[in-house]
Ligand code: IVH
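This document starts with one chain, in the form predicted alone, laid out as structure tokens.
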């Protein structure tokens, strides 16, 4: 047997069967037969590595883990799309945004507008935007969308996805960048989750977020085998001009990319509306998640004439559907106890698919929502939706014969975790509602678990290794009841925990020790002061400079901090007036937690109390560096422009934030003006 010939035969056959399986859904051989060919190829390549081909499917298992993700800088920016939404009839025309879209096209083109436009309608895939770079027709690198110019290089993980061709045929350009979406197919996602459950691991909750998290893994071996797919939908660098969008998609398919088979070319707006409506009806049966349809002008010449507005093409529209709903049975209501003792109702549902995901639980928010708004009874037929296409919630109970005969669900009188009598407190945000809490912080294991997880979380003390499973074990074995107990743990105690070897125990003790020096704002977050999030913790730390100063501040002094209102000040004062909280702070100090502050930011500088927004690329400062310097001077950096924004700092390729600033009359600064302002503040 000629080894080189056989290796070529196997590689070509496996690539062909991959394409039949992943792109055309027409497999010709069984999984067993495919695996036999794959194993034969692995054996031959192991014995004759010099004969292994670069595009061999065996190389899709990935390379060695990488140290960190590096920037992926693209030549041509990946633009966002203008949005449209399906309206609620009968008050509104459901398709008014599509009609307005075509009207805008005609206004821009004027006399050049055709009597009837040709369009392409594609499903708006709910995945992770990605760009693939090919040089000499070989896949060389790929990265996420990021800010449109710079994303994250995830080449090592993209190589593991079977539907991404590693070598293009001679008909393809030698140099090319292809854009599309990486996503989980839903049957594969469910199968993967079932396998995780069987292995005692947590289920992935959401396909889109799970795909994004998977693609950012540093070790490609943890990605290989997961049911990820890449769908091509547009080009970045394309040497040869293609006359139409549908022709581009046809070429992608000929070059080996997966192109969505339900893309539709439409003549005129009526066909577009019909195609968009058909996609919405198909949505529940598709093997992947979509949240709308993308409508594109087909003619490339017309696209060129239409051009762009800020960072979006005028010739394309992302038309969004309302969140999907489904009906199922309410089997029971569980009551969850959080780290603050708040008791929250959660609906336990008969499993149902909503928007391509199997839903078993849904939030009921609070007692008011569960009893007064919904009036739920066990056994109710309920309508649910995934709010924002992510979080399941119950919309209503369906009125059925016999429903009124079942008793309404009531809140428990005692804590479902520790048995303490629950207390009812006024809700400062809504006086018609109450907060129902377990008052026993020390005996309630649920509160202990929540408080410790929060204390060790990334935005707080950031203790690597103190995750949900470790916290459960620490509390269950009685090793930890409060955050300060973490600092008394020893390696000898930890090595007895499940799946905790000597090295892991040593690393965990080291991580806990390192957290003792976290800055004051992180420590404030860790303490769990009510109504104090990341931004407020930073403002308090900068304004007062030390934990003792914050603990001793009066309500009027607290409200002197820019951005701190009366409700927040009252909550902070009440927290430090509680003896148990002061005792816990002293325990933390006794065990070495330092709560290091910094120089107090002088009130009255140009930055204190001012809100900044950054947009575009600055000449010398990175966005992180600019943010750090603004915050060090007492300012605050937010992500969106509003009437409350004081300055918008503008760099090259500024986007819609600059437009919004001009519209609202918000002052703008370039980097030079920002640096001058910073120098004056110092």
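No experiment lies behind these values; they were computed from the predicted model shown. Positions refer to the first chain, counted from 1.
In what follows, reference is made to the form predicted in complex with 2-(butylsulfanyl)adenosine, a form of this protein that is not presented.
Asks: Spell out, yes or no, whether the shortest heavy atom distance between residue 122 and 2-(butylsulfanyl)adenosine in the model of the complex is within 4.5 Å.
Replies: It does: once 2-(butylsulfanyl)adenosine is placed as it appears in the model of the complex, residue 122 has a heavy atom within 4.5 Å of it.
Asks: Whether residue 233 contacts 2-(butylsulfanyl)adenosine in the model of the complex should be assessed with a 4.5 Å heavy atom distance threshold; does it?
Replies: Output for residue 233 is yes: heavy atoms within 4.5 Å of 2-(butylsulfanyl)adenosine.
Asks: Since only the chain is shown here, I'm wondering whether residue 313 would be in contact with 2-(butylsulfanyl)adenosine in the model of the complex (any heavy atom pair within 4.5 Å).
Replies: Yes - in the model of the complex, heavy atoms of residue 313 and 2-(butylsulfanyl)adenosine come within 4.5 Å of each other.
Asks: Using 4.5 Å between non-hydrogen atoms, is residue 81 touching 2-(butylsulfanyl)adenosine in the model of the complex?
Replies: Close contact exists here: in the model of the complex, residue 81 approaches 2-(butylsulfanyl)adenosine to within 4.5 Å, heavy atoms only.
Asks: Considering 145, 522, 385, 453, which brings a non-hydrogen atom within 4.5 Å of 2-(butylsulfanyl)adenosine in the model of the complex?
Replies: In short, 145.
Asks: Which one of 185, 181, 97, 367 is close to 2-(butylsulfanyl)adenosine in the model of the complex, taking close to mean a heavy atom within 4.5 Å?
Replies: Flagged contact: 181.
Asks: From the candidate stretches 210-218, 289-297, 511-519, 396-404, select the single one in contact with 2-(butylsulfanyl)adenosine in the model of the complex, where contact means a heavy atom within 4.5 Å.
Replies: Only one stretch qualifies here: 289-297.
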